[in-house]
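One chain is shown next in structure tokens, namely the form predicted on its own.
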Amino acid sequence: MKTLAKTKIEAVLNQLAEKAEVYVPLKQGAISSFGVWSAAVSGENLALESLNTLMSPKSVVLPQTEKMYTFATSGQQAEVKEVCADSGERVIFGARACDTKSLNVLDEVFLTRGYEDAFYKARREKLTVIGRACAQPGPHCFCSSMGVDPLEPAGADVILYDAGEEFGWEPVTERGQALTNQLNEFLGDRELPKPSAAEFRTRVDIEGLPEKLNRMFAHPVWEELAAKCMNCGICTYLCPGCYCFDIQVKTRGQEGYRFRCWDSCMYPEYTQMAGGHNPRQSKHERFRNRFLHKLEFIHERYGTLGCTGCGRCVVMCPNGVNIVSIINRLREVDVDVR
């Protein structure tokens, strides 16, 4: 096994940053997120030891705001001047298994079923992911209940195993091996024991729930569960697997550009139609849509769950809406599932 001494991490990041945009867990004021590493960033801002960043690395492949193309108009005519697909090399360093799993979910949405999103694809194809095995789940982590192995970050190209003063470094894909060869001068060679995962304090039984939810669209339990929700949307912005977006245009004179930006299914405007009709006008309808999407619709279409058990929404919901409690309540509901 290759090894990486923790004292060499900054040197490795500097080396990677010479050829790619490198995203690492950073403390940025009161929050933590995957920010761009450069020689100007202090090592004191690294948050590699943090269990989870507040903001996931979703924005690396699906930016919060992304310019799509520029255009110019002349009378009734319009001409696209430049398509702004961004295809530079990128590296995510230190992603936990819940976040690498979310990238797999986004891949299914944006790259399969007969349609490929060109903007997402351009970013994803040039991305190398260095995942980090997670042996100590936090009090709100429940990734194992969602089918995620915290010690084997699915979709990572390299996996880091914490061994105290150093990391075990294991390439698991061709991209990972190429990156390993590039960094060979910083890596050692010796066998390290892989860690064992500690017990999860939060668990939830998801077995059979997607099939059960298929019969619960009109159940009154949704109004009960939605009572505390404020439709603020923080859960959707923090969720590594949420991908709702809006497309807008900015113009100045005869030139402009079209861009997309994150949106939320928790907002009434998200489904507002041009004529004024809204198929999800009430709070409980929007609440229901979010949880059916996470726990049923994505599972039906892609064979996986939209929730990866990272716990961010549980920690940050200002009104204590808890997806684990919601799942437990849904399991209690008596409904004919035949």
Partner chain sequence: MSELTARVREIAKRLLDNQQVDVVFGWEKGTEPFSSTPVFIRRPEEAERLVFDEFCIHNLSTYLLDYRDGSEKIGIFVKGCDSRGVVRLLEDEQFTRERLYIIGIGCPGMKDPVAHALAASGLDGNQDTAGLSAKCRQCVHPNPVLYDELLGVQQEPHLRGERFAEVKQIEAMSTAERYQFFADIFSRCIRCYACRNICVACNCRRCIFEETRPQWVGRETNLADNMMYHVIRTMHVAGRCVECGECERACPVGIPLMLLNRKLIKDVNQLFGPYEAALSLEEGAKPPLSRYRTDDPDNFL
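Residue numbers count along the first chain shown, from 1. Quantities reported herein were computed from a predicted structural model and do not represent experimental measurements.
There is another form of this protein, the form predicted in complex with the partner chain, and it is not shown here; the text below is about that form.
Under a 4.5 Å heavy atom criterion, is Pro171 part of the interface with the partner chain in the predicted bound form? It does not: once the partner chain is placed as it appears in the predicted bound form, Pro171 has no heavy atom within 4.5 Å of it.
Answer for Pro139 alone: is it within 4.5 Å of the partner chain in the predicted bound form, judged on heavy atom distances? Yes, contact at 4.5 Å.
Contact of Asn231 with the partner chain in the predicted bound form (heavy atom, 4.5 Å): Residue-level check for Asn231: yes, a contact with the partner chain.
How about Gln15: is it within 4.5 Å of the partner chain in the predicted bound form, going by heavy atoms? Because no heavy atom of Gln15 falls inside 4.5 Å of the partner chain in the predicted bound form, the answer is no.
Within 4.5 Å of the partner chain in the predicted bound form: all of Tyr237, Lys250 and Lys283, by heavy atom? Checked in the predicted bound form: all three residues contact the partner chain.
Answer with one of Ala178, Ala218, Ala78, Ala227: the residue that has a non-hydrogen atom within 4.5 Å of the partner chain in the predicted bound form. Checked against the cut-off, the match is Ala227.
Can you tell me which of 207-215, 109-117, 264-272, 146-154 lies within 4.5 Å of the partner chain in the predicted bound form, counting heavy atoms only? It is 264-272 that comes within 4.5 Å of the partner.
Within 39-74, which residues have a heavy atom closer than or equal to 4.5 Å from the partner chain in the predicted bound form? Read in sequence order, the residues that approach the partner chain (within 4.5 Å, in the predicted bound form) are Ala47, Ser50, Leu51, Asn52, Thr53, Leu54, Met55, Gln64, Thr65.
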